[in-house]
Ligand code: HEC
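First, one chain by itself in structure tokens, the form predicted on its own.
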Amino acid sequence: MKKTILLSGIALFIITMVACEKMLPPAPKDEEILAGTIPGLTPQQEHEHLVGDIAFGKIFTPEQGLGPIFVQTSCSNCHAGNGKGHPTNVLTRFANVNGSIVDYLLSKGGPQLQQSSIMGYPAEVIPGEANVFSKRMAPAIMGLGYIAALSDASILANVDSNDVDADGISGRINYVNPTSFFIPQSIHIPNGSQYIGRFGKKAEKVTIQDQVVFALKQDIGITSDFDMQDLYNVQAGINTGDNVTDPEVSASFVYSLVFYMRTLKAPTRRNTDDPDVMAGENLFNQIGCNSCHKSTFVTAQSDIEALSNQTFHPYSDFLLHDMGQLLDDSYPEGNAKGSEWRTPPLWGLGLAKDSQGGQLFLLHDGRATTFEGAISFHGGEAASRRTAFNTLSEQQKQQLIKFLESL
């Protein structure tokens, strides 16, 4: 009797599990998500990626060094699903600009606003001396390892500062001063004491590590071996930071984050055999969008073998371009003027709204909610491309948009 009851219970359990499995949604396909590792990692590298993934999602508490002023409590809060940020969670950069003189107001809490604070401590407000402000949405972070493994020579090959080919495009390099912890690699070509910036909205960061150290400090208020000075609200008094011993995270924690970001896969193209997508790609090239959004690069030799000599398709030239008055934030960075922006990679564009709550937010500050809207803000060097898009038929416009959605 007991045996019969036991068998019946097992049968009921199996039936229940099968029924529940049928109710669950199918697992998303690889091309439908931004998470995942680059192909070809060793088991040890896969483990290192997982360690970095955990660090990326770590939510800091005041006891662990959060703040005392901050923007968010973890990396993943800004980069949900490794994708683009949301306008409700923008970063604000501020400065005082007087002609060619730029003061990032470091003694007043600059260059970035930390609008949140730990309990009992006042949040920061923008100082009255600031006269320029720039809103920034967090960028998507997939495929960064390929960009980091690109040689400076490959970026320099597309520079056309004087528009020699007369196509209206004159992309140029943002040469920036390196951080104190920057170690040049064989891919880096110095320009005096400066190096080529390739990361950030205005290509103001040379390496992923530069970006990670800056974000830990300016976004979360976390010090590391590479930046030991704690954040504090200058309006509350000098050095009124938290009571957690600095550095609040180790060099190995930073390296784990860098490795994680270096080994995130590039977005997978979708619907490439769709006739409308193929027609849209042809139109994209015909009206000259590919002058800046270049499709294909090849990495140099890398210490991560899976990143060595790899062909990838970011749809960017990683150069600065003058985008005109509508996108001028008056906030210079390095050698980049207020109207100049690094060409943003378009890969993953078709999956952007999935990480933005179902609504698409484009451009550096999320002001455009459609592809047509984003194109309408293209001025300066890109004005002729905007005009060319506007002359397309409605069917052609939709084909070009289908192509963008396939990236």
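Position 1 is the first residue in the sequence shown; the rest follow in order. This one's a predicted model, so the numbers in the text were calculated from it and none came from an experiment.
There is another form of the same protein, the form predicted together with the ligand; it is not shown, and what comes next is about it.
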query: I208, V234, A80, M278 - the one with a heavy atom within 4.5 Å of the ligand in the predicted complex; finding: I208
query: Residue among I118, L105, I287, A300 with a heavy atom within 4.5 Å of the ligand in the predicted complex; finding: I287
query: Close approach of Y146 to the ligand in the predicted complex, 4.5 Å, heavy atom; finding: no
query: Contact label in the predicted complex: N177 to the ligand, heavy atom within 4.5 Å; finding: no
query: 4.5 Å heavy atom contact, Q229 and the ligand in the predicted complex; finding: no
query: C292 within 4.5 Å of the ligand in the predicted complex, heavy atoms; finding: yes
query: Check all three, S74, L91 and W341, heavy atom within 4.5 Å of the ligand in the predicted complex; finding: yes
query: Answer range among 301-309, 177-185, 148-156, 192-200 for contact with the ligand, defined in the predicted complex as heavy atoms within 4.5 Å; finding: 192-200
query: Residues of 155-185 having any heavy atom within 4.5 Å of the ligand in the predicted complex, listed in sequence order; finding: I169
